[in-house]
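Only one chain is shown below, in structure tokens, and it's the form predicted on its own.
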């Protein structure tokens, strides 16, 4: 067991954990977006989707705990890698050479990740808490109406849209980085991976970001 912990604590081990947890989160976002897009099908469909999830609540709880652990490992190892990179590279080299050795996506992973973390906390407090512990609307199983009411706030909708744009930036590099960590960066097909990563990140940003736009357009804001 000691050799395993030593391996996971190495630089390569941390990158491996980042890649595995990153891919898990990428897959989760696809499922989460599909569920969220049922909002466009109207109150009856979305409310039924949420109520159906209520019937398998123990399983949902297990998945939520697993997701929490994945987020913790991803964030923790991301911060450790960032600190190690800062310590290993003199400031002058970072200033003069970073623009040549890395694009804006890779240079801002910590910054974009920090914004996403703040968004996640706010998002969970807004929706997850209300859906699980109740509110005047969710107590009546009016989940769609609760979402519509939440997105009436220009401030929250604006923050949500901005966070989704930043999420797209974060995912664009994270997608490619995960494949590079696994050694799938051969020049013959890595250009396809880059395109696929860009397409995925755009779909996620536009898909999630379209939800507050939709509710602001059809229900108005305040």
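Numbering follows the first chain given and starts at 1. For clarity, every value in this text was computed on a predicted model and none was experimentally measured.
As for the form predicted together with a small molecule, it is not shown, yet the points below apply to it.
*Asks:* Is residue 135 close enough to the small molecule in the predicted bound form to count, meaning some heavy atom within 4.5 Å?
*Replies:* The answer is no: residue 135 has no heavy atom within 4.5 Å of the small molecule.
*Asks:* Look up in the predicted bound form whether residue 193 has a non-hydrogen atom within 4.5 angstroms of the small molecule, and give yes or no.
*Replies:* Result no; residue 193 lies far from the small molecule in the predicted bound form.
*Asks:* Whether residue 181 contacts the small molecule in the predicted bound form should be assessed with a 4.5 Å heavy atom distance threshold; does it?
*Replies:* So residue 181 counts as contacting the small molecule.
*Asks:* Answer yes if any heavy atom of residue 169 is within 4.5 Å of a heavy atom of the small molecule in the predicted bound form; otherwise answer no.
*Replies:* Judged by the heavy-atom cut-off of 4.5 Å, residue 169 is well away from the small molecule in the predicted bound form.
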